[in-house]
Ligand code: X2X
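Coming up is one lone chain in structure tokens, specifically the form predicted on its own.
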């Protein structure tokens, strides 16, 4: 009897191993990971970390290649989310801004002056609001795994110091393809111009475009001081969390064990990426800002009263878009931020 039980157990183990092997044979030899920027930026570095962790922890069963510059959709950042749903892209670390045209709730993070500090971002992404947004994404046909961060978006330009909304009058500012960004800068009297990041840098150099808004890590990595961006205003008007996702069909093609490995690798990579994105900005003295000042750039830090003038100028946009994002979700976000420690 014992020998029979041993034989059955052995046969079962062999069968499971064979099934696992057969399933592994259905894995792609390479999975395509989309990012907007390469590994010289914190965002791209997060992709590199995720790729390495997955390869190590799956013993090479899951191999991923990063495609920066959203090259899988010809550089069109706003098409990335749709391409993930369609299976053109297997995996991505995407911007909440770039995906907001398809997922209106992601405009939450672009509401002007909603988040005053890093703890406010964490209160949203790591709390009930983050869970709600992951649930919304799952219904859209992708599998969200973890949060990363592109950072607070600061204003830069080639013309003059910006301390008050009037300083932006008529200034041509490059923005991403989001109606909310267009509305925000129009409310401030600027002339917002939508263009891809690849097109933006030559436009700065030629003075066809006066300025832009991006995290400071982007400023240094892209060497924007070399294309005329000599004035920086630290106003922290919006922040751009990133989301690690996998196409649903790809996710379901993996074994449960491998899914858990990929999920945990995304969480670990996200934590490392956030630390890289905040480096030099969330510690005393802000060494990254001092580094930028050392490049001959004028950095303007707004007083609370000066910042409040921008808040007031964009309040109508905030109220209008609160209705579009979802009043209940925005109320929950405001409550989470108010309760942050």
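What you see is a predicted model; the values in this text were computed from it and never measured. Numbering follows the first chain given and starts at 1.
There is another form of this protein, the form predicted in complex with the ligand, and it is not shown here; the text below is about that form.
Q: Just one of 176, 266, 216, 108 has a heavy atom within 4.5 Å of the ligand in the predicted complex. Which one?
A: Contact with the ligand in the predicted complex is made by 176 alone.
Q: Would you mind picking the one in 240, 167, 154, 90 that has a heavy atom within 4.5 Å of the ligand in the predicted complex?
A: After the contact test, the surviving option is 240.
Q: Is it the case in the predicted complex that 184, 310 and 317 each bring at least one heavy atom within 4.5 Å of the ligand?
A: So, no: the whole triplet misses the ligand.
Q: When the ligand is placed as it is in the predicted complex, which of 95 to 103, 243 to 251, 109 to 117, 124 to 132 ends up with heavy atoms within 4.5 Å of it?
A: Result of the contact check: 95 to 103.
Q: Is there a non-hydrogen atom of residue 77 within 4.5 angstroms of a non-hydrogen atom of the ligand in the predicted complex?
A: It does: once the ligand is placed as it appears in the predicted complex, residue 77 has a heavy atom within 4.5 Å of it.
Q: Check whether residue 43 has any heavy atom within 4.5 Å of a heavy atom of the ligand in the predicted complex, and answer yes or no.
A: Taking the distances in the predicted complex, the answer for residue 43 is yes, it comes within 4.5 Å of the ligand.
Q: Indicate whether the ligand has at least one heavy atom within 4.5 Å of a heavy atom of residue 150 in the predicted complex.
A: The answer is yes: residue 150 has a heavy atom within 4.5 Å of the ligand.
Q: With a cut-off of 4.5 Å between heavy atoms, is residue 277 one of the residues that contacts the ligand in the predicted complex?
A: Residue 277 lies outside the contact set for the ligand.
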